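Next up is one chain by itself, shown in structure tokens, the form predicted on its own.
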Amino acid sequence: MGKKHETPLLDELKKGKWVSFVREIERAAEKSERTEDLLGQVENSYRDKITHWKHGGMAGVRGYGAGLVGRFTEFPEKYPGVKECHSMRVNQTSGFFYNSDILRKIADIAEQHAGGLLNLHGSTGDIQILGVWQAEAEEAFQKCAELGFDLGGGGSDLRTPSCCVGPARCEFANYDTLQICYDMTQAFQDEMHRPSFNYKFKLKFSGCSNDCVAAASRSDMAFIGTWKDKIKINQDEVKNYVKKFNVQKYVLDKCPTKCMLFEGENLVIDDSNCVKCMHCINEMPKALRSGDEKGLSILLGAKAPLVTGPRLGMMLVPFYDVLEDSKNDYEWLKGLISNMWEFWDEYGVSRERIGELMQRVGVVTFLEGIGLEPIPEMVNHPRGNPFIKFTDDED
């Protein structure tokens, strides 16, 4: 297929030694007129320095209110291939594990019913088939379903829960991220496929504070693996690391709470001041290991900048015994999530994330609304105002 649109600005992005998304789109455009028109559309947007996409509109499959993100060009006569350019969000596997056969079959669906482009993965995790037309959406979805894949979340609903590889491949995992992610995905199908929230809500599960899925900064409710007891130390391996590099400079001096020191040749850790940041374990994995009393911390309210600025998650639950609660199908956790959604539904406003609601009404009011007791770990820093007003009963 010959080149249909001149793309001098996009051609600039192919220069240099790095992989270019433009080159990949051009490869797909060799088989798809839709994707050829996509190149023209993007070039037009780069030239005018404004997006020419219109979002929203009717896009979906039978029985689902989410999973297909509607997108239309402002120039359907000029770029007919992308008069509809919907993104079909396909629920990824926990930990992003696939075999080559499944990937080929999904790629075939993208070629048959879209522009031949896949995004693996969106910021929440979904496989995204790019360039779907509404007329072919149902057939494409049914073919995905035959492979065992459901649609993911989209719009004002629970977005597709995602997790790191966890204990399947990572020695640092402090809990089974794969199991809890799958369980929550199955438990909250209605909330994921039928939008009824004020805005989006994301669940992300990281096995440790290395946070490989960016849960602490990119999800409304983040689950970060941690431990309660002491870091395990192999002093012989510590001595081996001392021979290899400057442990004082690159490990001890970089500890955020300075809770580590040498007494003679032995490494000593003040675990009461350890914040479980994983830096020392990352640097000396043969010498240091997380403790045996494992669980996770729950953070609430993180988001990227959109309606208001970016937020990091606030510590909501410092230690949650996920292994014990898993014996009851995570009954306590599901109850907490449901309480938060009810409070958010009652007092939130349109396009207000739950972290923004918590900031607006105050943490105390929010905690009372969801039935959770306040604890010192929720305090960001001591109050700076010494003039504290007590109520009569507190006097």
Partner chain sequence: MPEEVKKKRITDIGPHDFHDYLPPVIKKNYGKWAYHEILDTGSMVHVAENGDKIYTVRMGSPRLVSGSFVRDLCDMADKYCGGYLRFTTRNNVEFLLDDENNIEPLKKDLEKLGYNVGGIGNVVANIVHTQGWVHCHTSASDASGVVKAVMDELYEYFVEDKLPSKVRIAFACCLNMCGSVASSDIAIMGMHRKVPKIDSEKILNLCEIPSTIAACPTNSIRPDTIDGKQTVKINDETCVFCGSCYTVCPAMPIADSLNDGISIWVGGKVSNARTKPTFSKLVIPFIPNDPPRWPKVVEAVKTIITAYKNGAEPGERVVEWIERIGWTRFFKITGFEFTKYHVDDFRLAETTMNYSSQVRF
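Numbering follows the first chain given and starts at 1. Predicted, not measured: the structure shown is a model, and the values here were computed from it. Definition used throughout: the rigid core is the maximal C-alpha set that superposes within 1.5 Å between two forms.
Below: the form predicted in complex with its partner chain, not depicted.
Only one of 336 to 344, 24 to 32, 323 to 331, 361 to 369 lies within 4.5 Å of its partner chain in the model of the complex by heavy atoms, and it is 24 to 32. The contact with its partner chain in the model of the complex, taken as any heavy atom within 4.5 Å, belongs to 185 out of 73, 297, 185, 174. Of the residues given (245, 319, 262, 98), 98 alone sits with a heavy atom within 4.5 Å of its partner chain in the model of the complex. In the model of the complex, its partner chain stays beyond 4.5 Å of every heavy atom belonging to residue 291.
In the model of the complex, its partner chain sits within 4.5 Å of a heavy atom belonging to residue 85. Within 4.5 Å of some heavy atom of its partner chain in the model of the complex lies at least one heavy atom of residue 111. By the criterion of a heavy atom within 4.5 Å, residue 13 is counted among the residues contacting its partner chain in the model of the complex. Scanning 172 to 202 for heavy atoms within 4.5 Å of its partner chain in the model of the complex gives 172, 176, 178, 179, 182, 185, 186, 189, 190, 193, 194 in sequence order.
Residue displacement note: residue 257 has its CA displaced by at least 2 Å between the shown form and the other one (rigid core superposed).
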